[in-house]
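Next up: a single chain in structure tokens, the form predicted on its own.
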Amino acid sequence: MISLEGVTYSYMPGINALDHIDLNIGAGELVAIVGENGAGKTTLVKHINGLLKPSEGRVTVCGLDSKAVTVASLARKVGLVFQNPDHQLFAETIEKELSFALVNFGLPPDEIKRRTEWAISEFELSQYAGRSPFMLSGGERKRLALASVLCYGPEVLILDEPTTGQDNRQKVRMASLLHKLNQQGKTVLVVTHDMEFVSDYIPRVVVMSHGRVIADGQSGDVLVRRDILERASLVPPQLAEISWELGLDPPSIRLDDVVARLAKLIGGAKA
């Protein structure tokens, strides 16, 4: 589905934003990409949707070589939701924002109507119908940007910091939607600093630092690695910190696991 082979990218000579990246993401995976500011996360995902082309190496997405196809060709396959929705929204009304890509892709009017109505309902935007996107709150604009991408049904969905400005209820709804899309066969990549969201909802995590992948694996294995988190300047999930403080070996980010093992420790101490 997505393959990066020896990918290097330089914004200026001698300074690599990406440094010989090898990464494979299969169809239908849900993956978080994490790391400190400047680690190369955004540069990486811009290679996946074709906005950037590698200085060295090869990127293939859905069987397409990114150097051999246009950005427009990849845009139908890869949907990117920006961290700042104001960089993405532009239409006069919410309805026009949601229908813009659908009209440009040539979908019939009844299908455009169906998809637009679905998005308005799914993202709780019905009360704002007819309004300008820029009259919405920051969190609402972020939901609208996501909805406008989902409307046209890309095979790969990339979200840059999707939980910023979202309360806990919206984070839970976001996680539910991502898992639903994942179950439908969509490949979903989440670029984030929200380690709690990753530990609670995302099964695989790729950690970047200084343009390199320094860890890649199951969230429960990677996010308890103190050395990796410190190297990437990431705040550990709370349960990882609790596990370290309690001396649990191995540490865990699963609440039921931590509670069960803590109960066992307490029971053993009483005995």
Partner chain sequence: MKVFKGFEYRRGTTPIHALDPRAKLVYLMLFMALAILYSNPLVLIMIFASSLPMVAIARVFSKWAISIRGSFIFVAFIFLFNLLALYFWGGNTLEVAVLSSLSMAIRFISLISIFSTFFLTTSPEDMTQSMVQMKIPYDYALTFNMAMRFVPTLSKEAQYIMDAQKSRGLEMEKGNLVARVKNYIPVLIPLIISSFRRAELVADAMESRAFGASKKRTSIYVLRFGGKDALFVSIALASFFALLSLRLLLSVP
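Numbering follows the first chain given and starts at 1. Note that the coordinates shown come from a computational prediction; the quantities given were computed from them, not determined experimentally.
The protein also exists as the form predicted together with the partner chain; that form is not presented, and the subsequent description refers to it.
Chemist: For the interface check, one of 166-174, 74-82, 194-202, 180-188 should have non-hydrogen atoms within 4.5 Å of the partner chain in the predicted bound form; which one?
Modeler: This holds for exactly one stretch, 74-82.
Chemist: Is residue 51 close enough to the partner chain in the predicted bound form to count, meaning some heavy atom within 4.5 Å?
Modeler: Looking in the predicted bound form, residue contacts with the partner chain include residue 51, since a heavy atom lies within 4.5 Å.
Chemist: Heavy atom to heavy atom, is residue 118 within 4.5 Å of the partner chain in the predicted bound form?
Modeler: No, residue 118 sits far enough from the partner chain in the predicted bound form that none of its heavy atoms falls within 4.5 Å.
Chemist: Within a 4.5 Å heavy atom cut-off, is residue 87 in contact with the partner chain in the predicted bound form?
Modeler: Within the cut-off, so yes.
Chemist: In the predicted bound form, is there a heavy atom of the partner chain that lies within 4.5 Å of any heavy atom of residue 97, even though the partner is absent here?
Modeler: Yes.
Chemist: Within 4.5 Å of the partner chain in the predicted bound form, which residues of 91-118 have a heavy atom? Give them in sequence order, or say none.
Modeler: In sequence order, 97, 100, 101, 104, 105 come within 4.5 Å of the partner.
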